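Quick setup: one chain, the form predicted on its own, written in structure tokens, and binding and motion questions come after.
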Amino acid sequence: MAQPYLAARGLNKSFGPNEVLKGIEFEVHGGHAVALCGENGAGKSTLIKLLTGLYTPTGGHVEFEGQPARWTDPRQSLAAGIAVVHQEFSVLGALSIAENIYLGAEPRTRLGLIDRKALTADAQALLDELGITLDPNALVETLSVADKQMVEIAKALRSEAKVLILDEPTAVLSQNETRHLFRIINDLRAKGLGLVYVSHRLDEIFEICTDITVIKDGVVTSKGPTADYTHDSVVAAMVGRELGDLFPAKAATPTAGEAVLEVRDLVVASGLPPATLQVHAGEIVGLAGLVGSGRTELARALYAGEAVSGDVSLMGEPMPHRDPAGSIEAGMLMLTESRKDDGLFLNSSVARNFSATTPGLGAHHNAIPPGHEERRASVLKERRGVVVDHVGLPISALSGGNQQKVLVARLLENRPKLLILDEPTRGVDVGAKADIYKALRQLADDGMALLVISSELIEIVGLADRVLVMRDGEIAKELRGEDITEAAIITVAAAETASHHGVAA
């Protein structure tokens, strides 16, 4: 094989006595897409920071085009041809697409002013080259999340990049948007770029990547061509257990209890058909469908009252005027799709995030003694398996999986009768997913009713006792037992027309 564009040679990184990476060997070749796999905390982010000059190695070195690279700043690696698209967007909403793409590198006139005409033309040429249909003069704040992701990619590729690193690029994309991104990736590979692809979604890795490198506890545990791997072998290299072990066993013949949630003829928005459904005590109901099918809209209509008409009851009690506060008081709680936008208090401690909706729980007469919040959070940390040194640390210091565990623990402190979870494992590594799956199954076994939305079909199949498949804003079909398969779900979800309106349990 030809010389790699980018390589790690015996790379070590320590922070004080903590050795994060140990003897890492990693290569990125032109025309290849390498999947960088590993649990949160395995060392993936540290490796990327070393490869791009943000961190300095403790031992070993980085090579670029066969020569030692002694970058001390990401701007140096970018100038050399290493571009990174981070999971968190860095675009500025008040600027145009063109201004964002060429921020800090705007074309200038002879008088030193920004050449607006050239700026627009250059941005348009780059967008056309990438197959991105956007107006370069449009403000970024007016764009969808998917379009912002495309601007991030264009921004990364404004110069002659040789290696593109993508960190969880599809976490916020629909299926069609993901397909568009994959076309861009394949085009870039065909032009000779090398790509590093970081994702927890194994199906994507097997579809788009030519090679796989797995890191566990700071060590490369496996690497080679994608064709040499299966889903199970990747998971085993990441967490030491097979994919089939991730999901706790369902009851062979589930026996649901009383109806906790009853929904009849709920119209979420004008022009959409009504939805009818039930969720019973002791069962997990999966709400499946393509992104845009109306899953989240239906969940929000139940929880926050965002509906045109219809009847919703919880434990037999009608809920005609729903809002989040009223739903929480009644016992209906929801884990939202975006934990950072709608769930976490990022500037607050782990302890404060644990107790945000139940601050006085366990205190006498609502007189909260000093240290009560921290003591209570420490108990929850142990009970829910949250990995953090001290509950006084900011929640932003935790991995995605541990942040999600904190949010679920917060909801459970309200003792819900019905728990709605929208994308409960988004951005969560495989090991943490297994912990969340186990916790959800235990809640169902203890008699709670759960409604789970997920874009990962394997998650729906592995968790749900029943599946309601949505398409074009309606519940198109219900699946039970052995009929719950990925093929059956996608067949219904991707069909052209819906067969009937609403499904009653």
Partner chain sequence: MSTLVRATRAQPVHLVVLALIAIVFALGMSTSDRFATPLNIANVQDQMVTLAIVALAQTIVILSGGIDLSYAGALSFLAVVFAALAGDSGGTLLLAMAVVIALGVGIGIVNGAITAYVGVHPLITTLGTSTILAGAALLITRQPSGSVPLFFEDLTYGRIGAVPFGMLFVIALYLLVGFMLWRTGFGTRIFAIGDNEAASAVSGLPVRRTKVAIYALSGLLCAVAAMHMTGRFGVGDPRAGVGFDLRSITPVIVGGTLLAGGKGGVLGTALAVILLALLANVLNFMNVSSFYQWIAEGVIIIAAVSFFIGKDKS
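All figures in this text were calculated on a predicted structure; none of them were measured in a lab. Positions refer to the first chain, counted from 1.
What comes next is about the form predicted together with the partner chain, which is not displayed.
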item	value
Contact residue in the predicted complex, from S396, T109, N186, T72 (heavy atom within 4.5 Å of the partner chain)	T109
Among the candidates K381, R410, K223, K155, the residue which, in the predicted complex, approaches the partner chain to within 4.5 Å (heavy atoms)	K155
S90, heavy atom within 4.5 angstroms of the partner chain in the predicted complex	yes
Contact flag, E99 vs the partner chain in the predicted complex, heavy atom cut 4.5 Å	yes
Close approach of P370 to the partner chain in the predicted complex, 4.5 Å, heavy atom	no
Contact test in the predicted complex: N137 vs the partner chain, heavy atoms, 4.5 Å	yes
Contact stretch among 262-270, 114-122, 175-183, 416-424 - heavy atom within 4.5 Å of the partner chain in the predicted complex	114-122
Residues within stretch 388-417 having a non-hydrogen atom within 4.5 Å of the partner chain in the predicted complex	none
